[in-house]
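One chain comes next, on its own, written out as structure tokens in the form predicted alone.
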Amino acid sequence: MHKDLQEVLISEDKLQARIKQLGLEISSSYKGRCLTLVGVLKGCVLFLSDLLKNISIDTNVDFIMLSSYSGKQSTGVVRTILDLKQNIEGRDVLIVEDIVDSGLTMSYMLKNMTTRGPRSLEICTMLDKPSCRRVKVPIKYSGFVIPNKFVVGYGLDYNELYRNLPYIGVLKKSVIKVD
């Protein structure tokens, strides 16, 4: 375990087992169709990569980068930093996200993607933190429901650190700088 962590919340083995299950569920749901995975950068990278390996149907991948965080706090304002390269009109689209907490970013993204005319639009998140929800969002595929703790690892960061940890951990309070 990394020295800056208070605990490992979800082990690498549990993550990989659940991602395999999600891949099977998604493959079954979209059988016979081509699925467009839209990864929300940067946090989704490890999750999307492993999920993709466990999906057995035809897929294509695109990315979007949104920002609403400064340090560990959501600013409440969502900005698009990088937009999709592909046209998603008429396609089955699955948004792949690292974590849904307040729901503000995902709500913004759903509205934005809906205007582009996809055939279907669903959400797959590795982590769901419903106790922090400020806006209700329909999550179709959820890896883990977690408590209201500040987590890092497996793509999630604090000030761009800890993304490379192969598990989900809770950061020690002493490491988090108060603004």
Ligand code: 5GP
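Note that the structure is a prediction, hence the values are computed from the model and not measured. Residue positions are given as counts along the sequence shown, with the first one as 1.
If you look for the form predicted together with the named molecule, you will not find it shown, but the lines that follow are about it.
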Next on the checklist: Against the named molecule in the model of the complex, would D157 count as a contact residue? Criterion: heavy atoms within 4.5 Å.
Outcome noted: yes
Checklist entry - Looking in the model of the complex, any heavy atom of K149 within 4.5 Å of the named molecule? => result yes
Next on the checklist: Using a 4.5 angstroms cut-off on non-hydrogen atoms, would V100 count as touching the named molecule in the model of the complex?
Outcome noted: yes
Next on the checklist: Residue-level contact is defined here as any heavy atom of the residue lying within 4.5 Å of the named molecule in the model of the complex; does L104 satisfy this criterion?
Outcome noted: yes
Checklist entry - Taking the partner as it appears in the model of the complex, which of 116-124, 28-36, 149-157, 52-60 has residues with heavy atoms within 4.5 Å of the named molecule? => result 149-157
